[in-house]
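To begin, one chain is listed below as structure tokens, in the form predicted alone.
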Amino acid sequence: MTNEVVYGMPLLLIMALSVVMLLVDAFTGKNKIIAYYFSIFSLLVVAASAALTISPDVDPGFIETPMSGTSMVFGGYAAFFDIIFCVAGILTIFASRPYLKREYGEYKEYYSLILFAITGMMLISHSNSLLMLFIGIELMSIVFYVLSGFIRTRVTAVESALKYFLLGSFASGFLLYGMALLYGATGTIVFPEILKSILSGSADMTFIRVGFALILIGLAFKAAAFPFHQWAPDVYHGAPTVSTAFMSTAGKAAALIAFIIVAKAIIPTDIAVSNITDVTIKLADFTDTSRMIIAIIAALTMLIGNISAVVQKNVKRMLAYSSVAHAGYLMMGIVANNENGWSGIMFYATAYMFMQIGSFVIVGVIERNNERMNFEDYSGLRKNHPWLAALMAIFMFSLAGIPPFAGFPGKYMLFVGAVESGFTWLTIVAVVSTIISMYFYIGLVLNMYFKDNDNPFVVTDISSARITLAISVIFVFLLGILPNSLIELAKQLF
């Protein structure tokens, strides 16, 4: 029990501090600075405790008679993603204060919402059962519905929240029904037991197939993967830009870790080929079919996301479609189902968080009342704000996968993982998609550096968003130049 408390400390802390945050909000009156700093302090504490428990040597059997039963896992990849979620939250909070003060008003509830969303994400990464996974996904999703419509006086924000809520509810229905079928087929909700039941041949494979298909639909919606991505551009465009930055990075990472957890539990890979029976033949067929379906979804997600981004005139909407394409790149790791694939997802999710949050924060710094977000508004940015132009160019190059920035080693690992697992055609599609993405990423850079703006503007209130931009650009460089430390760590955690 003591060991469980120690290794479960990040989860216990984020739950407790989220509730305490509500009390801070209630008892500090109009003083907003306390809630602001308390939220940052809380996430720093949780990230530090997660760093202390990240040891890859944690053995699940190490915890005797756990209070959580077998519903949770601790340490390893779960602790790694805890840190990712907390860092994304801190970067978002730094950027949110000047944005909200300018666009709507600094309401303290915003910081509470960020903490509760991270609580849901951490429940996902620690889940070892269908029940905990569903609770985590729903907690995160409900907070996202509120965050997307946080600026209640803006019609586009209210529209995005309503659209997100309605479509998200349908997706949750698919997800829950799929989980129910898995329980019905195996008689358990714990992932290792589900896998044992499938491998032993005692599970009803018809229900497993239908259940997995429904779960795939639900998770594809959460990750904004084709053909369930249509909500993402409208929601990301209408939501406050700082909320979009958070949802499209930490939220996507949480959806992908849910994908990994489910795929590892339902798609068997350790099939005994030396003992060929009807059961092993059925399992091999199920595994091959499942991986091919995910590969096709990944390929279409990359192509549709990038091709749709090419025709966008609005930078925020272009980044929204770009985030759809990046879900496809990350899904390549699930298809690969090998060491490079899993570690590639962890590395690229980390790199993507820094480059995508940095990009959206610059969009948020430049926009005014949901305006100044078109490509022509960025023309000549290098003259009035050379640092903003330079940072945006770095983030665009990194998103395009150009070395020496963080996007390059991440994509390289995912591509290698797919080739090693026999999905060379998927890698070719990914390379073609990357080439297509060059058009709009570099097109924005050309606008900033080689075109003039007849109505130049001056950005004056960047404030604490500078911290977000500084941290983001430093890590985009570090992960691009020195990727090995994070890659080696990621390989040990799966």
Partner chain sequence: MTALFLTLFLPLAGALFLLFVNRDKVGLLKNSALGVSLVTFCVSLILFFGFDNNNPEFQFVYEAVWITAFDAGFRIGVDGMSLLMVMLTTFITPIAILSSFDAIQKREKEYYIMVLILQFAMTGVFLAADLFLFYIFWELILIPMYFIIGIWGGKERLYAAVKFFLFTVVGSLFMLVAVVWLGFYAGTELLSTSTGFTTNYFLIKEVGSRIPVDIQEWMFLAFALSFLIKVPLFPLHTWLPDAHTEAPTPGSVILAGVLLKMGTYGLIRFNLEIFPTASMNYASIISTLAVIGIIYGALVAMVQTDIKRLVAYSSVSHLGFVVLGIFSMTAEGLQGGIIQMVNHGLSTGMLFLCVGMLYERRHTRLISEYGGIARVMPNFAVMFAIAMFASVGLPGLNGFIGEFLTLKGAFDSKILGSYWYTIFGATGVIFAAVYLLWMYQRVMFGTIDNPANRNLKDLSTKEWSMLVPIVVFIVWIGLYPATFLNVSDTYTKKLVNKIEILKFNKPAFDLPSIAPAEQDNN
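Please read these numbers as outputs of a predicted model, since none were measured by experiment. Residue numbers count along the first chain shown, from 1.
Another form exists, predicted together with its partner chain; not displayed. Remarks below refer to it.
Highlighted residues 397, 403 and 450: every one comes within 4.5 Å of its partner chain in the model of the complex, counting any heavy atom. Put simply, residue 107 is far from its partner chain in the model of the complex: not one heavy atom of it is within 4.5 Å. For the chain shown alone, residue 462 is not a contact residue for its partner chain in the model of the complex, no non-hydrogen atom being within 4.5 angstroms. Its partner chain is not shown here, and in the model of the complex it never comes within 4.5 Å of any heavy atom of residue 303. Remark: residue 53 does not count among the residues lining its partner chain in the model of the complex, judged by a heavy atom distance of 4.5 Å or less. Residues placing heavy atoms within 4.5 Å of its partner chain in the model of the complex fall in a single listed stretch, namely 432-440, out of 41-49, 25-33, 464-472, 432-440. In terms of contact with its partner chain in the model of the complex, the residue from 413, 224, 346, 362 that brings a heavy atom within 4.5 Å is 413. Of the residues given (424, 369, 277, 169), 424 alone sits with a heavy atom within 4.5 Å of its partner chain in the model of the complex.
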